[in-house]
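First comes one chain, alone, set out as structure tokens in the form predicted on its own.
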């Protein structure tokens, strides 16, 4: 096998970039002697909220916890239905289940986002649904005005899964700012990832933020005063400091580089057999993805051949969500519902293949990916 020409992520190159700043931060936190829920977490929460356009951010232990805590803080009661997408990381649905909700799945659009027209039909058929959990998948932003209209029409409580969409905007509006709260992840592969795990609940509702802070810390409002059953989900001081002082200052440049790579792919795309999922969408102006992933579509029969071909060229592709959430073995025995046959989501699950798109990918690396795609189609 050839050396990795284009790894899917390149944490070795990232470390070369951030090493000096990261080691300084580790030393500062170590010298402080304070590791959990201190000033560094508070400062990072303030910086993140300001960057994203919220008034509040609540650091938690993972993106999964962020969704669960946001749903609980927003008032989800055990047994209530939550309308969501079947095409996402399993954490989206797992959070609903852990919060006591019943997931209801509706189909996606051709680019993998929850189909808001299908969602409207589902809500008319099931008027008892009060909660909506859309996912800005791949870093693609949902249509904010259509989402706002849906929320208003059905008086929904909307928590947006923004684990992949920090920096993405639609009509200048950041993802996550339409609903009552957003949840994000700092898993290392995310656009804003840390050297471990973490997440955050973002909101401009101070009451929801206060409840999220209570829930993340055993359900206590002050030390040894527990007002409800919470959990242990606290972003630690070290990761908060790394995020605020090392990774967040680089995020704008990293996002711009992702956008440059996506534009280079799209403007030089060599194949009809392999199609970028966003090929028919604008890539600048009103619709601006943050390009967490660069997903393509290839026929189910050809996908294994393409994966083998790319790996032989030293290129690491990745399949994202080849099994729909309601089809996962873990869902057997779990209460859930599907609205319609989920045809579009099933096709995407069978055909999706993501190509490398990270800020340390060079133009030469990107051209190597394009050549490999062209060779496969020849």
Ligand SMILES: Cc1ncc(COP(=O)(O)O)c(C=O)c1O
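Only a predicted model underlies this, so the values are computations on that prediction, with no experimental measurement involved. Residue numbers count along the first chain shown, from 1.
Quick note: we don't show the form predicted together with the ligand, though the next part is all about it.
In the model of the complex, the ligand sits within 4.5 Å of a heavy atom of residue 88. At a distance threshold of 4.5 angstroms between non-hydrogen atoms, residue 336 is out of contact with the ligand in the model of the complex. The closest non-hydrogen atom of residue 321 lies within 4.5 Å of the ligand in the model of the complex.
In the model of the complex, at least one heavy atom of residue 62 sits within 4.5 Å of a heavy atom of the ligand. Only one of the listed residues (203, 108, 92, 191) places a non-hydrogen atom within 4.5 angstroms of the ligand in the model of the complex, and that residue is 92. The contact with the ligand in the model of the complex, taken as any heavy atom within 4.5 Å, belongs to 163 out of 163, 235, 243, 290.
Relative to the ligand in the model of the complex, residues 67, 135 and 198 are all within 4.5 Å by at least one heavy atom. In short, of 182 to 190, 210 to 218, 141 to 149, 244 to 252 it is 182 to 190 that has heavy atoms within 4.5 Å of the ligand in the model of the complex. Residues in 8 to 42 all lack a heavy atom within 4.5 Å of the ligand in the model of the complex.
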